[in-house]
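Taking the form predicted on its own, here's one chain by itself in structure tokens.
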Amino acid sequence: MKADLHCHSWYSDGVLSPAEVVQLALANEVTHLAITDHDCTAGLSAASEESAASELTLIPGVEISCEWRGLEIHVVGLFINSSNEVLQALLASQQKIRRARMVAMNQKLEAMGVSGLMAYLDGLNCVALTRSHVANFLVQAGVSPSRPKAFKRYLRKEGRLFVAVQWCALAEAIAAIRSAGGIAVLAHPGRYPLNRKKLTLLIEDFHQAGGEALEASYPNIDPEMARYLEVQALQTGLMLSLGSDFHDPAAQWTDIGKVPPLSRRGSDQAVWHHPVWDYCQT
């Protein structure tokens, strides 16, 4: 088995269509794939159609942005029922928040004498608008020479265009995933600006709220962090997941299926041992 349980299509901040994501996964010999777009499930139907005649097992997923003690945290949902009303109500609310943020950024841009952001966004296939889309616009409009500089000067917390948002609470995101029959996974824990004490607290809160797994393998993860996450999973009874967080084939370090394997001990705790995994594939 070669699994990638975290990747994105153009319905959020990826660059490929769901069908193209599936085709790339097949080319990379991935056997189990989860498309986990930010706060939307719009690409799941097309991905399912594309994978229907193949050997690829497609796992319906989503990645929800949420708030924990003032920090933005991402929770992946695997094996979700995408038609679940509780989940879709939350995702609709999240998309409204995203749209409102874009409108506020557009107002700041227009005050700088730059117009056209909303027309640009409306021309995309995207459902869940992100700062990455604004960065692309800033480069296209000649405001910034590159995406990294767009984030550094305009889109990070201290940037000229930054607009704070209030995401749903961590517990609400987990509850919506569980309502939809899914497995809640704490995405890329080592990427949050937290020391070990605070990260341990996050993991404890995540577990207490009903979270079931930690993403313990992803591109460029520090081996020490991977070992720490395995230990935390053992101590709390959480399972382990893995994913490339793929967005763009030009970023070779995040290619679909390019994920460090879990250790032998970690594999024993992997989400493919979860009862939902077998139930949803029978």
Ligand code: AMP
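Nothing here was measured: the structure is a model prediction, and the numbers come from that model. Don't overthink the numbering: it's just position in the shown sequence, from 1.
There is another form of this protein, the form predicted together with the ligand, and it is not shown here; the text below is about that form.
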Are all three of 13, 98 and 131 close to the ligand in the predicted complex, meaning a heavy atom of each within 4.5 Å?
yes
How about residue 151 - does it come within 4.5 Å of the ligand in the predicted complex, if we only consider non-hydrogen atoms?
yes
Does any heavy atom of residue 247 come within 4.5 Å of a heavy atom of the ligand in the predicted complex?
yes
is_contact(residue 198, the ligand) in the predicted complex, heavy atom dist at most 4.5 Å
no
Residue contact check: residue 147 to the ligand in the predicted complex, 4.5 Å heavy atom:
yes
In the predicted complex, which of 173 to 181, 88 to 96, 106 to 114, 131 to 139 comes within 4.5 Å of the ligand (heavy atoms)?
131 to 139
